[in-house]
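Only one chain is included here, represented as structure tokens and corresponding to the form predicted alone.
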């Protein structure tokens, strides 16, 4: 047990160090977050003004909190997909990974948690501070929403990883997963509530989003930490996130097991 925890810690630290080497990319990501934060806030504020000051439970303060918290989290939960695993499947390097004494899915999850933790420091937190200092945010004054929000963020990052992992291991059958990853990035970003809150969706689209894990990746952490959902509703959101962690983890493992039997390494 102690050795397992030590390996986990080293993998998380490796993911953290690896991400810290891309400092210019982090600054570029921060600049992009800030620009799109102002654009999204302007659009939502105009919609709220047109609706008479409140829209689907959001006023300007809570809408601003939604925009800037989601901009701060987008680097950590990263809905755009990852290519490392898919590339290693395409090149056959994954055959070497299967010989390592660490489970493939767990290994990449640990590294992704380290990556997500680092992205919050130079990109996530400054984005939220920019929003707080320029537009203002309506945030809770109690400590509990923030404690629950941190747990919700960790669960959202985990669900996001398991989804991206499942998309990448489709490479056992497709070899090149770029098309699937692009479709995933577009679909997940929209249904996760990145562009507008899921609560603003029409009923039929809200039902579609609720049937997917995507709102639990971004919308739920933002709702919990901003206090948009509180009490029993917040605990319900966390419980749903745990459910999607289990579902997406099992789906990724099943795909890995099935794909391993299809693996053919050419030239060696």
Partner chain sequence: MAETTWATPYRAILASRVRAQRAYRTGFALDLTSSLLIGVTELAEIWIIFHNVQVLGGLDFHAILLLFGLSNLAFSSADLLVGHLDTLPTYIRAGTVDAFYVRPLPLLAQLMTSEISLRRMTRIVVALVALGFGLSLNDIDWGPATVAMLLVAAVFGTAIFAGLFTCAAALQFFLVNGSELTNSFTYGGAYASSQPAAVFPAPLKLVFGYLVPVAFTAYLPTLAILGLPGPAGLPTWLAWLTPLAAAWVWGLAALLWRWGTRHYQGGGG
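Only a predicted model underlies this, so the values are computations on that prediction, with no experimental measurement involved. Positions refer to the first chain, counted from 1.
Quick note: we don't show the form predicted in complex with the partner chain, though the next part is all about it.
For the chain shown alone, residue 190 is a contact residue for the partner chain in the predicted bound form, at least one non-hydrogen atom being within 4.5 angstroms. Residue contact with the partner chain in the predicted bound form: residue 32 places a heavy atom within 4.5 Å of it.
Residue 239 falls outside the set of residues with a heavy atom inside 4.5 Å of the partner chain in the predicted bound form. When the partner chain is considered in the predicted bound form, residue 180 lines it closely, a heavy atom lying within 4.5 Å.
Proximity of 36, 186 and 196 to the partner chain in the predicted bound form is complete: all three residues have a non-hydrogen atom within 4.5 angstroms. Contact with the partner chain, judged by heavy atoms within 4.5 Å in the predicted bound form, is confined among 225-233, 45-53, 210-218, 239-247 to 45-53.
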